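This text opens with one protein chain seen in two forms, each one given by itself as structure tokens under the names structure 1 and structure 2.
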Structure 1
């Protein structure tokens, strides 16, 4: 890769990108009380600055050059040295633009959304900290730096889910997210240990080049990739570690949009694309990634049908879409997966922000059974929401159509996967339109008071909505299917990153143009069919989902998310609880406490007894000394 030379003049701008959000975090942490509303603006502008610098880097570097440099050496022993450094290549650039760009829009949105909250500055401080860690994650030049960012965003996610910490349920959700992520992080950590031990380093260059020297399917590579994938499962909410994400909706809506839809949850996908050579060389892991992705996609989509909380529906849709991305990665279509990450970031952020706007208008109500007919009250929100819904459903020419189509095309040679993914996206289209119709059409089902309260959100909220809506429409054109005879800009741009993998992959399924047309046609037909079904059920027949008690049979099972949480509770949490109680009673109370108390009692007893010797009489002390001398001499004599 001789075109990867170092443009040294870009090092300082690169360093500035993560520093601005960090500065914002520090400013707001120390002076937040005095800054109030101004603090929110400052923090948003700092992220905007990072975004501008990212654009500059993007312009300067393109995909022909990359920047890889170490800032300092963290630790060094024998022939291993762990460095703290940054790598800016096409993949990082895309993530940089997504994180800072969408990050800025969501900051802006939050100014309006959170304006009445007493914890406004705290919220923005956390958001900035999150952006900082997310940037570390995507900019690092080693798995170590990525891991720092990885843990950092986990922490921020925890802080923001439990932002309204006065409610116990929210705190529980935050803890759940944190613990579930810990399970994944353990996998990541073990994977890193493997790399350190067998490959002699953690930076991408070392690991990837040493992997290139190994044969396909080497056990070491399979082990490392599986462990890393466990990490990705946790962060990107895949089966079986997905249950934290729906609960994470306890946090403020902008948080759901930024962290739990657009950026953090895609970290797992970023990680796999980053280590694509490892995965390509471990076909077994790819297979597992694919099936986990497919299963998650379908499973979450099915659960999504019966959810009535506007944010829960979106949460399950996120899980489902992430599954789709993993399926793409598993099929070896790394660029398609990344492409969907980008388009999904736009329309899912838009959906969440739109939902936030709806909730804002409804004065905090989140149940779609109590909404309806909002179209005429909040026009901008409704239109942008419609665009996002069309995008996620995969209707031409919205962004989701292109990225989804690419993934389905990649899956076509694997018929079963293709069928399952098509079903999943069909279900997606259905429940998204169910959500849309129930929220914005038919009659208003809330209280009079709520109806009176209905109003469009301030411009700080609608502007981000509009911008994201525009992106949701045009982002798809970055990756035109081959049949349009247009350059697939996205794949070309990411080309250098996956070049080696492509070489290793060998067989490429070339598709006839007719097949491609057919695939697009089928996908669109399925989506349109779903929309029509949703239209018939919820608009023509004006059905409203039944209340919780009336739900019966299979619907009830789905409504209760297949009782997965309850099963986890029974299988993992309860036994551990029992074990803890046992250890508490036996080990802690009986053994440890006894030992500690006994030694304390012994010391006390000795002290009380020996105290009597301390008469303060010097004569007696001398006497004792002489006796002691005698004893020592006697011992010496006897022995």
Structure 2
């Protein structure tokens, strides 16, 4: 790809993209109490300005040029220089449009959703800071700048998940997310140390050029890519570091949309695609990425079947879809994985915001067993939610159909992976329509007070729903399958980012059109079959999920998420707690405290003893001086 620095008129707008959200954070932090509701609008409009500038850069640069420049030098020693700079290329352009575009819609939605919350300005300040760090993550020209954004979104997720901090359960969820992300971040940090020591820098150009000179499968590349993947597992909620994400539902619903749709959880996907040359040169790591993704996708989908909290269902759906994306990356289908990131961003943001609209209408109720019959009360929410449900289920012509089909086609040469991902997709269609039917059809199962409260959301909430619904319909046409004999715009646009990896891949699996038609037919048939099963159970037979006490057998195991949190508690949390108590008693009390207290006693004792010789008698002082001189003289003579 032809790369050069464009004139100054493009560098300045690039710098403004992250600065506008940062400005919003600062304004609301210092003047939020005076701005109140106006602060929410200012915060949202500043993100909109960043989106407009991103569109301008997209138009100016396209996929034939890139903008790579350093803002300042952080530190320098010998031949190593660590710089703070930005890289705008096709990959970062796609992420910029997604982050700022969907970020703005979530801001607009939040104006209505959070309008009566006493912490309104604080909430929007956190949202702006989150967008700022996410933009740093995707715009940086080095792993160092990426890591700054990486840690920043981790901090903001902690603040947003625990936004309603007066409830201990929400604080626990925030701490859990923060701690589990730190576990993954340690892997990322160690990977950066390896790059710095063995490759001489952290900027992408230096690292990737150094990697290209190494042998395929080199131990150093395997070590670096595995460590980076540990970071991705934490941030993008893959087995075994996924348990924080369902608990993150404690935050306000717009936070769930922001974190789980297009931004924070996709950071791991972005990082691997950005490092695609490293991973292509480390086939062993790609194999690990693929199987972790497959396992996560299937495992989370199974758990989603028995969840009854509307946001928990969507949370496990996110974990499952992220597993699907990682499986695509492990198969070497980098552009397919990113394509699903984009389509998923639209329909998952729509699902979460739709869930928020349902919760808003229900007066805070989140249990789908207490809903039902909402179609006639909140029609806009219901229609847009249906569109998103069809999209995530992979029904033609909605966006999810095209991106899922592409991933399944890439997996077809690895038959077991294809079967497992197909099963995962089938389960996804079942539990999503289970959620849809229980929420919007049959009879209303809530209280009379909740029924009286039912109403459609204000325009600030329904407009983002409608726009995301449109995107969930049309976004898939950015990547038309080859059988339609139409250009695959997404692959073409991202092509320059992964062209080196394509050359290193070696054998390319070409698929006959007849095979691709067959795969699309099978995927669609499985999805439709799942929808029919859900229809029969929850609409025709009008079954309602049993209560927690009635759930038994394997269903109880699934309902309790396979007791993974309880296992972690017994295997990791409690032993560490016991070890901490032991160290507290043995090391802290018996050693550290004893030494400190003994030192204090000794100083006090000598002070009290020496005080006795301070009599004020001049003769005694002269006598002591003479004795002291004699002692010093004797020491000198002896030595």
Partner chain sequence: MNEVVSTAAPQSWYLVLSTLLFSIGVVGVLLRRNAIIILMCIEIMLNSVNLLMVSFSAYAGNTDGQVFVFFTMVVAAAEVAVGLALLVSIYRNLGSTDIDVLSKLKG
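Positions refer to the first chain, counted from 1. In this text, all values refer to a predicted model and were calculated from it rather than measured experimentally. Take the two forms, superpose them, and find the largest set of C-alpha atoms that agree within 1.5 Å; that set is the rigid core.
*Asks:* Decide which single structure shows the form predicted together with its partner chain, answering 1 or 2.
*Replies:* The chain shown first - structure 1 - is the form that fits the description.
*Asks:* State the hinge position among 33, 577, 618, 596 for the rotation of one rigid part relative to another between structure 1 and structure 2.
*Replies:* Every other option is far from a hinge; the hinge one is 596.
*Asks:* What is the rotation of the smaller rigid part with respect to the larger, given in whole degrees, between structure 1 and structure 2?
*Replies:* Turning angle of the smaller rigid part: 11 degrees.
*Asks:* After aligning on the rigid core, report the distance the C-alpha of residue 606 travels between structure 1 and structure 2, in angstrom.
*Replies:* Spelling it out: core superposed, C-alpha of residue 606 shifted, distance 2.5 Å.
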